[in-house]
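Just the one chain here, the form predicted on its own, laid out as structure tokens.
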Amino acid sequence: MIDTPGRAEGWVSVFAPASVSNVGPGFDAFGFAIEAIGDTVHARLRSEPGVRIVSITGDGGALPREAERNTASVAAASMLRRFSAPPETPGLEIAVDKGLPLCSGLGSSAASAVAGAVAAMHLVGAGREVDVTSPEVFEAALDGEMVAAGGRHADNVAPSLLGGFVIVRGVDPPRWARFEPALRCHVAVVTPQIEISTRAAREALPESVSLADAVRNWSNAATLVLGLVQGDRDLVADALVDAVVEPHRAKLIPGAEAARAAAREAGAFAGGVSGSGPTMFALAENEMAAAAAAAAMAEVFAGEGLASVSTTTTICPEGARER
């Protein structure tokens, strides 16, 4: 990690949490932030224009160092353009600490983009109080996410930026509804060591959907939100089922269905594929049940010859914030 001695030296550090997206029937629309893990971007102004990446840690050398190809720097550059114009446009130096595995289904690219946009906002916001709900920050983060995802998908960006559970209602312009679930639950996330890119996962999607499956998903999506808002575990357990996308994406993850069943047997009450995969998530009433569910899923993946990384956490009410 780069030495960032604080504001006295001009550095700003912003953390953006990981997120679980799609969330059952909520393809491209539902996402929630999770505690403890995420990405951090450090930034400071420089006299030369443009954004320069000074270091990236935690990625094993896999991420591009060119500013025009990296999600964090693209988002930061977009933020710069929104608050200044040539020749007054300042430049930035950024350093990225990756706390999330790449192509995991936990919003890795979105977290970097969000942290980059918010860090730039802190530095060039023209004296304005930093407001992560502002359209400018949201749009800058989407610009960064587009580099990795190939489109302006907000189901990871929104919860990483805002925290809580977010329903994405549109991206042009950004529109969302955010709430903190009344259902208090613990979250198990298990990432088997295989790589599924967002683009590859999108290629697995069906070209058409039957009316019966569409109606089932509409019903499940509405019921899932109601269950979370009312704190009704049984409603959430019944409704966190996807009839459209997840059946196709689960085929890309060896042991996915067995892992889901094992989590339920171990004490989880719902779960599925996070984002594009390969991460699987499960919801449980307490930390012990979540830990048992995580262990059960990891055991299934081990039986498939896959090592995995497990985390037991909770839904995070906070989104991106300065550290």
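What you see is a predicted model; the values in this text were computed from it and never measured. For every residue, the number given is its place in the sequence shown, counted from 1.
A second form of this protein, the form predicted in complex with a small molecule, is not displayed here; the remarks below concern that form.
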- Query: Counting only heavy atoms and a 4.5 Å cutoff, which of 258-266, 49-57, 271-279, 65-73 contacts the small molecule in the model of the complex?
  - Reply: 271-279
- Message: To verify the annotation, which of these, R169, H248, R81, R202, has a non-hydrogen atom within 4.5 Å of the small molecule in the model of the complex?
- Response: R202
- Is D28 close to the small molecule in the model of the complex, meaning a heavy atom pair under 4.5 Å apart or at it? yes
